[in-house]
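Single chain ahead, written as structure tokens, the form predicted alone.
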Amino acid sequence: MTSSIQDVARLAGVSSRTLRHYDQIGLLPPSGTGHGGLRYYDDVAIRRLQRILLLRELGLPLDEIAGVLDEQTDEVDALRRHLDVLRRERGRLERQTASVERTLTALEKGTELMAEDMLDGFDHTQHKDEVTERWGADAYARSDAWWRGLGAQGQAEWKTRTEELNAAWTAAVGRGVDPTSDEAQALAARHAEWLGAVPGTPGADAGRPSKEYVIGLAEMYVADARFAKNYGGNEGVTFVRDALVAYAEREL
């Protein structure tokens, strides 16, 4: 089965110009051309487009997407990873949706609603006890005040920055990058900068997080299964740990 460029653009919610650009840079060649040079796409090409769009939503630039697609030749495995990410995001959105629905119902009926019901799915303090135990109450208080002070737009921008960083790590893992390579170490430096941007992070007052903090956090990434989900599983989070430890030992 083949579809014309117009049909594919309509179904994917992109422009024909975008698809032509993907062809020009070698990211998504058409399966064939018809009368007048009209591009056609078969099921293989459309599956590739699906993966491109998924990676774009994770914030990856087109050149990195090309590298991921070239390295991850096992479509089934790649799509399973995408599915894991989508399911986690769906769970978060479902909690937020239910929270807003409960709030709206309470307003319409004039009934009271517990704060935890209104804020389910939005809670950035869910790791409060862990942060306090590991790095002290002051570290949590300062980071909490910073987060609240960002406002809605600042919080959204920070979340986007975080998602882009996680996506870059996942892409590097998919390409089999060595954790001590220049590319991985550049990512580690970017990660350390991201950590150090949060007031209360040990060492942040000096402009970057402390060596002990980065190594301890990296080890916690591997020890706590929740973090593996951010980096594509155990292989991914181990790669991140190794890269961060190497960076901390060398640079901090």
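This structure is a prediction, so every number in the text was calculated from the model and none was measured. Residue indices: 1-based, along the sequence shown.
Another form, the form predicted in complex with the DNA, is not on view; read the next lines as being about it.
Undergrad: With a cut-off of 4.5 Å between heavy atoms, is T2 one of the residues that contacts the DNA in the model of the complex?
TA: Contact check for T2: no, nothing within 4.5 Å of the DNA in the model of the complex.
Undergrad: Heavy atoms within 4.5 Å of the DNA in the model of the complex: does G67 have any?
TA: Answer no; every heavy atom of G67 is more than 4.5 Å from the DNA in the model of the complex.
Undergrad: In the model of the complex, does L62 have a heavy atom within 4.5 Å of the DNA?
TA: Answer yes; at least one heavy atom of L62 falls within 4.5 Å of the DNA in the model of the complex.
Undergrad: Taking the shortest heavy atom distance, is R56 within 4.5 Å of the DNA in the model of the complex?
TA: Result yes; R56 sits at the interface with the DNA in the model of the complex.
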